[in-house]
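This document starts with one chain, in the form predicted on its own, laid out as structure tokens.
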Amino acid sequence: MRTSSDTETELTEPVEIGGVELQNRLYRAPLLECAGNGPGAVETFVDELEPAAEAGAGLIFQGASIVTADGGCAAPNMTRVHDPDFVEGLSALTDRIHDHGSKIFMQLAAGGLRSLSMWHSEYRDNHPGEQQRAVSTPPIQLRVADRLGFIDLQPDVLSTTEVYDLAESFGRAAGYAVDAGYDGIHLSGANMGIIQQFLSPYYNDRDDEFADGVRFLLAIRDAVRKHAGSVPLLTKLPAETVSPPFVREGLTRKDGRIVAQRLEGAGYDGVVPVETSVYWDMSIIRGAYPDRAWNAADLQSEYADVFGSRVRARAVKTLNRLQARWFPHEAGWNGDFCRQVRDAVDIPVLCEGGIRTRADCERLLGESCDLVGMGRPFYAEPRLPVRLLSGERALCESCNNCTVPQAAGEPGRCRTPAIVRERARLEQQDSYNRNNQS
């Protein structure tokens, strides 16, 4: 067990996760790449992820990739990795990442209740009767929202055998990924995905062995080891400390520390502690209210299709505005939780959330974690590491104009003109040339 200290750790220092050596401690956090599975999917991933490697990020996470052939997608155009032939083609991506000296881990996911069939009106119309895999009978608040017509709950509570089958799907996908050259596996263990639902007392009311939600993570571990060998395995680790006030039960920080210790004992190679809600809400992407995105004229009809009508879209817009005020934005908002977990385990702890400067990175490395990551700033600057490792601040202002359109299936990109113009200016000045890094 370690004790956090003020020991200085440089962002440029190498670090190891599960035997995989990384050239530095900066990683590109998993994002919604929305590459899908079509003919251009691999090229989309290369276009999205290679620039970060070319610019010097030590580690790149390919965002949540769904392990099942149906259901489980939380947003349109998410990539599925149940098909070995498709995943084999992603070796073109891993080769390009490795050419730049970086490593790439695939993040594996399944949505559970957090699926398009629950909240996306157009998707529901096109997939009538599709159910959501559920850990237990959904909580009363979701059942009320269903009765009021805000969502469409059609839960399919997993049997014990089906839980093991789902864990096996994670393991098979991990095996396909390793065969395609991925260096590690990262589980999407938060953001209201199925793993968080197993861990959370808000969702898990089972009466079998999986009433202990950690048992699902152990079943995934067994399946990953079976199909992918000793590949590094890490997971997001939620503490449901920013849930709405009407939620009376959830994972505490203490629960998170205990889970981290159990996972370390079970052979997990790292954890990513995050303070989150029991829902998929603004706690994940804290920052400003995305006024420009909501008011974009070209997206109004898409929002109406997604949320069921223009009236419902306006209701979601209002809720978004309230939540933007509810969740405070600060650099490294998961830092305190990360520090508590890091004091409890010896495996690497990764920290992300609102980090924008090298000074904040190195403060967190000294106090709270072993690696630091950024997500949305890579939408604004795909080659961000060059400037960040040179001591410059990320351009991203956490305005969230990049995030809301993704609910309508739009690709993740910066939509704030002032930031786009500044990036163009920096590109003209050759500021993203790695050879200029000091």
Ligand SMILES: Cc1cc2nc3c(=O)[nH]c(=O)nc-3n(C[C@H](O)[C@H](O)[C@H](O)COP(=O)(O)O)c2cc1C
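Residue positions are given as counts along the sequence shown, with the first one as 1. What you see is a predicted model, and the numbers here were worked out from it, not measured in a lab.
Omitted here: the form predicted together with the ligand. The next part is about that form.
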Query raised in the report: Taking 284, 374 and 379 together, does each of them reach the ligand in the model of the complex with some heavy atom inside 4.5 Å?
Result: yes
**Report entry** 26, 64, 67, 35 - the one with a heavy atom within 4.5 Å of the ligand in the model of the complex
**Finding:** 64
Query - Heavy atom within 4.5 Å of the ligand in the model of the complex - residue from 333, 123, 210, 279 - result: 333
Query raised in the report: in the model of the complex, does residue 406 have a heavy atom within 4.5 Å of the ligand?
Result: yes
Requested in this report: May I ask you to check whether residue 320 falls inside a 4.5 Å heavy atom distance of the ligand in the model of the complex?
Outcome: no
**Report entry** Proximity of residue 395 to the ligand in the model of the complex, heavy atoms at 4.5 Å
**Finding:** no
Requested in this report: Could you confirm whether residue 353 comes within 4.5 Å of the ligand in the model of the complex, counting heavy atoms only?
Outcome: yes
Requested in this report: Work out which of the listed stretches, 250-258, 305-313, 197-205, 345-353, brings a heavy atom within 4.5 angstroms of the ligand in the model of the complex.
Outcome: 345-353
Report summary line: Checked 103-129 against the ligand in the model of the complex; residues with a heavy atom within 4.5 Å, sequence order, are 107
